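In structure tokens, one chain follows: the form predicted alone.
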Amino acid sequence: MGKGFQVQDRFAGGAQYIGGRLRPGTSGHHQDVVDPATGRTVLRYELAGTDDVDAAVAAAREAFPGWSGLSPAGRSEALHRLAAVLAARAEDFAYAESLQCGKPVKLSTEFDVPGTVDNTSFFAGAARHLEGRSAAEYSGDHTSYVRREALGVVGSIAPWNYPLQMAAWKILPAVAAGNTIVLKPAEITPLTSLMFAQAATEAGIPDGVINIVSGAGREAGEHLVSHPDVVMTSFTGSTAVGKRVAALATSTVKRLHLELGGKAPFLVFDDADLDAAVNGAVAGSLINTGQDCTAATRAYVQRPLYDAFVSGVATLMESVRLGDPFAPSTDLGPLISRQQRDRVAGFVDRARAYATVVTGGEAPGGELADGAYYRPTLITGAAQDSEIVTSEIFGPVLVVLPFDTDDEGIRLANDTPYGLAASAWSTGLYRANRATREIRAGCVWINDHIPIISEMPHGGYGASGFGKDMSSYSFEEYTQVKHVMYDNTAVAVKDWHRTVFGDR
């Protein structure tokens, strides 16, 4: 892939996008955007402060009446234009995403960017289908109907693992429904969120509809969530931070949408296609270097297939190619930072005291030593209540445990506070259907793990949060339902008035 632009030049105006233009932050603190494959700083910028958040919210508030008052067809046309701009800039987006995250270019090119373009096209169509319930005379004397109306200014916070897609997941349903938005991306990965907002301006979306504040969570993020002019907060990130966001949002009685952590089970019954399960486990656990809340992290394998599954996964993991994210042959890139790599390594090193590291479990040396790389890691022999099984590691680590009966397998799969995603592997219709009914997760895949589509919702149970991204179901988060009721009698004194004055 050609390097289509110089990052320093592209963001010379600053890393805040407010009211349709780039501007510098005003916090007095600076942040480096680091290429995790090399440790090289690619951009240094001034972080957003509270004044920048205030300016962004003011711009969004000013833009709201015009944008929400635009017809659904008008918003739809604008989003269709945005999809076209994103598609035309696909190479630049893929380059920037791989640069700031360390994603293999084949992942950013084949998954992140086309997925974002497809999301945009989907919401361009969905903008025209914000329908309420059909009119009816439920009381006999009145006609009722339901309107779906935009909320106002949405303040959203996106994570660093999928900066482009998560920005799109936050922005698109909000603006398709007629809201305006201030998005805070992770301060270490702001590039593609800023580019998305620039593309929206190029597509003719009015200034102030989409604003980006690149700042630290403690200052910019908390001020955004607490802002009195922000009527809704959508947050994707860890469960621990989600609790803090919820507390701040509750203090100002905001609408709240949370997509939090996960510890996805990968349940393999003894009638599963073994080759399919092995391939699915490696792909599902290593996607985005394991930095995915829906990644397969806990494989439960029925005992007749257990040994063959472990052997097959170990062999396939050892064939995965680590390397330069921009090399077409690279399968696995670095983790987001050396700090995250060391965190993952800590989990694995502690697990050596009570489990077996079958393969991986180390950072590579040589030409990859300067990057935040960690080898694909397979662990067996851990107890169900051990840290490596229960905690979200967010790295290329898969733990495999055996089970005997179907009841035990489903019980183990559900033995977690999380409930974002899961998969079950079986050639039996009854087993597969039972898994979809009984596994408590927002998404249950059968004989696959990871694929998502714009038309279907994404969101979890329990400690994985609540509310939905993508699909028309996301409009439940970003619209207010209003009941409108018309009197049909033209009678001045209604029968029910006697409960307040007079007699029948």
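Here the structure is a predicted model, which means the values were calculated and not measured. The numbering used is simple: start at 1 and walk along the sequence shown.
A second form of this protein, the form predicted together with nicotinamide-adenine-dinucleotide, is not displayed here; the remarks below concern that form.
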| item | value |
| --- | --- |
| Region of this chain that lies against nicotinamide-adenine-dinucleotide in the predicted bound form, out of 252-260, 401-409, 126-134, 94-102 [heavy atom, 4.5 Å] | 252-260 |
| Within 4.5 Å of nicotinamide-adenine-dinucleotide in the predicted bound form, all of Gly221, Phe235 and His458 (non-hydrogen atom) | yes |
| Contacting member of Gly115, Gly312, Pro159, Gly323, with respect to nicotinamide-adenine-dinucleotide in the predicted bound form [4.5 Å, heavy atom] | Pro159 |
| One residue of Met166, Leu82, Ala177, Val268 in contact with nicotinamide-adenine-dinucleotide, assessed in the predicted bound form (non-hydrogen atom, 4.5 angstroms) | Met166 |
| Contact flag, Gly361 vs nicotinamide-adenine-dinucleotide in the predicted bound form, heavy atom cut 4.5 Å | no |
| Contact of Ala272 with nicotinamide-adenine-dinucleotide in the predicted bound form (heavy atom, 4.5 Å) | no |
| Contact flag, Pro185 vs nicotinamide-adenine-dinucleotide in the predicted bound form, heavy atom cut 4.5 Å | yes |
| Val301: touches nicotinamide-adenine-dinucleotide in the predicted bound form, heavy atom cutoff 4.5 angstroms | no |
